[in-house]
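First comes one chain, alone, set out as structure tokens in the form predicted alone.
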Amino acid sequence: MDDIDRNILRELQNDGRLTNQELAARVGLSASPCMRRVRQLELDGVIQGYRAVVAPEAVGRGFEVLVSIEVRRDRETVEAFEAALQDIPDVIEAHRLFGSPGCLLRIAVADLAAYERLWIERLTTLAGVTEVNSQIIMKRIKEPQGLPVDG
């Protein structure tokens, strides 16, 4: 990956809706070589997709909670737990961690009552869960802006 590829990544992370012409002009290429580079970055798995950033409140999911979960540490239980998370749309991120807690979730729901229902009906009933701790997000201080792509 060279500096031009990094510039392409910076520009697309900043605005994934750029036309190829606009992108090419910003990174100092003509349209065809720019398109070839973007396609190669996609084929190589560097660019994994394009998404819209949605305001959580606009879709009724303005209440976010970080949840740390302890799960029994045997392979079968961990795999079943992780598979079950895929079927819970309120879980918008999930990370397996080294140490304790074993898992960190980011959850987006409408309000406290919705989170309480999720906690009682789903989270505490997942196979192998031994502990659930919740931290309600008061304010998001820094929004995701993409990854630094410096060489």
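Since this is a predicted model, take the numbers as computed values, not measurements. Residue indices: 1-based, along the sequence shown.
Not pictured, yet referred to below: the form predicted in complex with a further copy of the same chain.
inquiry  = Whether R106 contacts a further copy of the same chain in the predicted bound form should be assessed with a 4.5 Å heavy atom distance threshold; does it?
reply    = The answer is yes: R106 has a heavy atom within 4.5 Å of a further copy of the same chain.
request  = Considering only heavy atoms, tell me if P33 and a further copy of the same chain come within 4.5 Å of each other in the predicted bound form.
outcome  = No, no contact at 4.5 Å.
request  = Report whether the minimum heavy atom distance between E82 and a further copy of the same chain in the predicted bound form is within 4.5 Å.
outcome  = The answer is yes: E82 has a heavy atom within 4.5 Å of a further copy of the same chain.
inquiry  = If we define contact as a non-hydrogen atom of the residue within 4.5 angstroms of the partner, is R61 a contact of a further copy of the same chain in the predicted bound form?
reply    = So R61 counts as contacting a further copy of the same chain.
query = Heavy atom within 4.5 Å of a further copy of the same chain in the predicted bound form: which of V54, I120, L43, A113?
reply = Of the listed residues, the single hit is V54.
ask   = In sequence order, which positions of 106-142 have a non-hydrogen atom within 4.5 Å of a further copy of the same chain in the predicted bound form?
value = Contacting residues: R106, A108, Q135, I136, I137, M138, K139, R140, I141, K142.
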